[in-house]
Ligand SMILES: O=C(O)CCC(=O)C(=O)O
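Here we start with a single chain on its own, the form predicted alone, put down as structure tokens.
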Amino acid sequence: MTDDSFKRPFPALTPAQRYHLDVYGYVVVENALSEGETSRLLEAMQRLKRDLLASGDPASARVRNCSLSAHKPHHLHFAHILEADPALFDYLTHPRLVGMAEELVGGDVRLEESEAVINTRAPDTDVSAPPRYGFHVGTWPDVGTYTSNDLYHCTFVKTLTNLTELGPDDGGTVCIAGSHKVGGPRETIIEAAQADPSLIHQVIAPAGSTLLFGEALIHATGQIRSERERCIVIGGYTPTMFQAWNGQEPSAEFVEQTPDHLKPLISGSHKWRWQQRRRTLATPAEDMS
């Protein structure tokens, strides 16, 4: 993006955080958001939840252009939260988080999707049995990843922020460490990780922490074994010339009222005018405080 009014840190990660990201395929930045930002987001999500459930037909309702892509008593998956609340817009355009995504992508980004999940323990959960996960990916090492300056990059990136505390039993996202760089059948890697659970890493972090990862990393929703509700918000980012996920394009009306310096991020309007940026591992994180 050429508009200098949208300042993002670069690099956004410390060398230690960047190394962790390269080795394992993810990094958790604890307390990436302030307590006030986290509380405002959680209130926005609870309000959106109430409004969708009160619509009469939550499975097909749209509230402020957001819908439920999964609707179960214990699991709500919200699709396209971008237009639903100013707090959610501020999260998806948060300079630090966008900077983190740009560092992993390797250049300017556009918003590819916006989602959220509010879930509790499934009623049929057998807490005495080993957990099982629905592992998946959004791209593959030979399609959506590359190396520059000896560092790993991915063209489909997520920032996933937990708005509630995640302890060991609270269902934090799990991933198969290192799978972002391993080719071959995903099923074989999943079987290997299930045979050695130490390969499966789980997010345990205070509220307001952000998980950054590329979608070549095999990952899944964790299994909730506690009595607590889990709430996460998710931003998906890609290079500017990529398309948004199906059904995730912002409405023309919303783009029109978006501040000019954020329109390329929201709409992808820079398209093939993609500005690449690369760091080295030794480069310190930029301090924008």
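Numbers for residues come from their place in the sequence shown, where the first is 1. Keep in mind the model is a prediction, meaning the values are calculated, not measured.
This next part talks about the form predicted together with this ligand, which is not shown.
Put simply, of 210, 114, 155, 173 only one has a heavy atom within 4.5 Å of this ligand in the predicted bound form, and it is 173.
Note on the partner interface in the predicted bound form: the residue among 220, 27, 244, 44 having a heavy atom within 4.5 angstroms of this ligand is 220. Only one of 64 to 72, 49 to 57, 248 to 256, 228 to 236 places residue heavy atoms within 4.5 angstroms of this ligand in the predicted bound form, namely 228 to 236. Highlighted residues 136, 160 and 215: every one comes within 4.5 Å of this ligand in the predicted bound form, counting any heavy atom.
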